[in-house]
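Form predicted alone, single chain, as structure tokens, below.
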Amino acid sequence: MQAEGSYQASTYNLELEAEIQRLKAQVLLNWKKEARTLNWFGLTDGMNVLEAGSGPGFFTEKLLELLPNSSITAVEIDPVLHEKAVGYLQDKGGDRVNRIQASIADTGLEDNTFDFAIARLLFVHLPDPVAAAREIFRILKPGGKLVIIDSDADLFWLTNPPWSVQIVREKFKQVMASRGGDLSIGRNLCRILKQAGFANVDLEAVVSHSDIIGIEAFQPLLDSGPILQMVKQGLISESEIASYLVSRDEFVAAGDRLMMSFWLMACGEKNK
């Protein structure tokens, strides 16, 4: 079974291990605030939880720790990430974690099964996000909730000194769109939930700041591997990324620098 949409772990970065570490850093960056917001949206211990697009298992591990009496069903289509998760989680969670390799648009799971579903940095890559949301709607119990955690390219981060990313960001958007993804998905999350049938839709922002968590927490996310991989694949030219790399190096070398990152968390409820 092959990954769908604009993301495939084995080809997204120059090296697979660098990509795995980038995914881990994404989880660690915002976990405390994401957990707090998930609880605020209604996630409680003891629920039967679906994690859609579970990746190599880092976020699954956090959910198992947060919810010691819950069962977690982790659905991941990418065979490489599924295998990584099986290895990473083999001594974590025991029979509370169920790992499934399947498309989130066609899980094969039974109707009305889950109390709560979380899709983290998944919808940005999907060619038909509404279909995926409808499938999650089907397998949620009446009263169950879906929280989509995702980004929007125009909000992703702010830096000081400024980092010139506009040209590369637009090119990256185009490449991702050609693969079925949407780097501007964040602004559309509420509409996706409503179109899939969810009610009581709400939206929150999670902000991380280097003055609070330290600039080191952002360091793995500064890796230009995904962009250099696109250069290697002939999707972006070296001239198009030249100013981006110079600006990145200037930012990294700056003695007094800061970063802010933004995740959006949209929640919808399946009416009882």
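The structure presented is a predicted model; accordingly, all values stated were derived computationally and were not measured. All residue numbers are counted from 1 along the displayed sequence.
Separately, the form predicted together with a small molecule exists; it is not shown, and the next lines address it.
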| query | finding |
| --- | --- |
| Non-hydrogen atom contact residue 133 with the small molecule in the model of the complex at 4.5 angstroms | no |
| Partner contact for residue 102 in the model of the complex: the small molecule, 4.5 angstroms, heavy atom | yes |
| 4.5 angstroms heavy atom contact with the small molecule in the model of the complex for residue 125 | yes |
| Residue 120, heavy atom within 4.5 angstroms of the small molecule in the model of the complex | yes |
| Single option in 146, 189, 81, 72 placed near the small molecule in the model of the complex, where near means a heavy atom within 4.5 Å | 81 |
| The small molecule: the contacting residue among 27, 47, 236, 206 in the model of the complex [heavy atom, 4.5 Å] | 27 |
| Listed range touching the small molecule, judged in the model of the complex by heavy atoms within 4.5 Å, from 72 to 80, 168 to 176, 195 to 203, 90 to 98 | 72 to 80 |
